[in-house]
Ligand SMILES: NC(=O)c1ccc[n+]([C@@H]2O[C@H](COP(=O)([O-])OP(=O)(O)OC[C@H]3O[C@@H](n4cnc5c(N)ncnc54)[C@H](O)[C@@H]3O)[C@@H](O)[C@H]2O)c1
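Coming up is one lone chain in structure tokens, specifically the form predicted on its own.
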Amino acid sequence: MSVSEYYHEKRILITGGLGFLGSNLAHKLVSFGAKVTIIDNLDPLYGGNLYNIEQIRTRVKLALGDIQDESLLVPLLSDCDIVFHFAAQVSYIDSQNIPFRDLDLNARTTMSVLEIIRKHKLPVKVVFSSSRMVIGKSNDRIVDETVPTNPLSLYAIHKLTSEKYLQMYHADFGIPVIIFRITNPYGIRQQMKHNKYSLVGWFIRMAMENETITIFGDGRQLRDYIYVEDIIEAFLLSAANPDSNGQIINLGSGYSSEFGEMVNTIVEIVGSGQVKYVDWPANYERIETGNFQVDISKLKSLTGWSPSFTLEQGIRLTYEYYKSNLSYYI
């Protein structure tokens, strides 16, 4: 059975579905004939964007509200086969200033989803978007799924807490779960209001506005950037494969670029903007994770997936999208 056949008529719930990952996933699932429901709270700082589903608005169900509202969430989970749980606070820097809200959005929401599934004995699979930041400093190791975790921010601690909830509910109650540790995602349909969603997207905006992009240090720190379409493909292949149940899976391109290379590629493609190198500020040094290189062999082994987009291709596609749509994202 092909992936498109697997998802045809499948009932899918996407939490945070008006956001970056959720809306791109919704577009793909709709093209497969899936029955897609989106829940989103439209938080003005981190929430979703109705424009993200404008082209498919008549083909999805939309519930606006808080997923911690059990009266809203129970019927939605009762009418789905797979929940892609993406609702979250996205800024590791902001997490230090809003610790309890970050706990609610990045951990308690996961518990809410799992408890409803457990209490009501619902046959629902949970796919969760975690982060490479649960690892902390890699100490120049190539990171596979067995590397010990040592998160450096409240954001990462709460993401790891969600991972532990998911693993326990899978082991103790048999709930099928998949946990993705995503590296540095970027691409279309991502907010560009501030620099807390994706530095790639934010730098594209800065270059389009002919601003100066600041690089801390020498810009040689390594990061694995992955384009959103590759992320969605990995989600869909893994969720369709029962061998992925209960697994923590690294999700990156498998190739790490220097930070400065990413910035200079943006300036070159956009054709405007400048680059400036400055010293690291003290508040960043505490949570800067150093070089990050990820092993994606587990994902490849489980699904046969491999990335289709280079960093240059992904940046070009993202820029082309925002050339026509920037006003909806700033």
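Sequential numbering from 1, following the sequence displayed. What you are looking at is a predicted structure, and each value in this text was computed from that prediction instead of being measured.
The same protein has a further form, the form predicted together with the named molecule, not shown here; the description that follows concerns it.
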Residue within 4.5 Å of the named molecule in the predicted bound form by heavy atom, from 204, 87, 83, 177, is 87
Identify which of 256, 162, 238, 131 has a heavy atom within 4.5 Å of the named molecule in the predicted bound form; exactly one of them does.
131
Partner-proximal stretch of 210-218, 189-197, 241-249, 140-148 relative to the named molecule in the predicted bound form, 4.5 angstroms, heavy atom
189-197
4.5 Å heavy atom contact, residue 12 and the named molecule in the predicted bound form
no
Could you tell me if residue 21 has a non-hydrogen atom within 4.5 Å of the named molecule in the predicted bound form?
yes
Look up in the predicted bound form whether residue 261 has a non-hydrogen atom within 4.5 angstroms of the named molecule, and give yes or no.
no
Partner contact for residue 112 in the predicted bound form: the named molecule, 4.5 angstroms, heavy atom
no
Go through 48-75 residue by residue and record those having a heavy atom within 4.5 Å of the named molecule in the predicted bound form; state none if no residue qualifies.
48, 65, 66, 67, 68
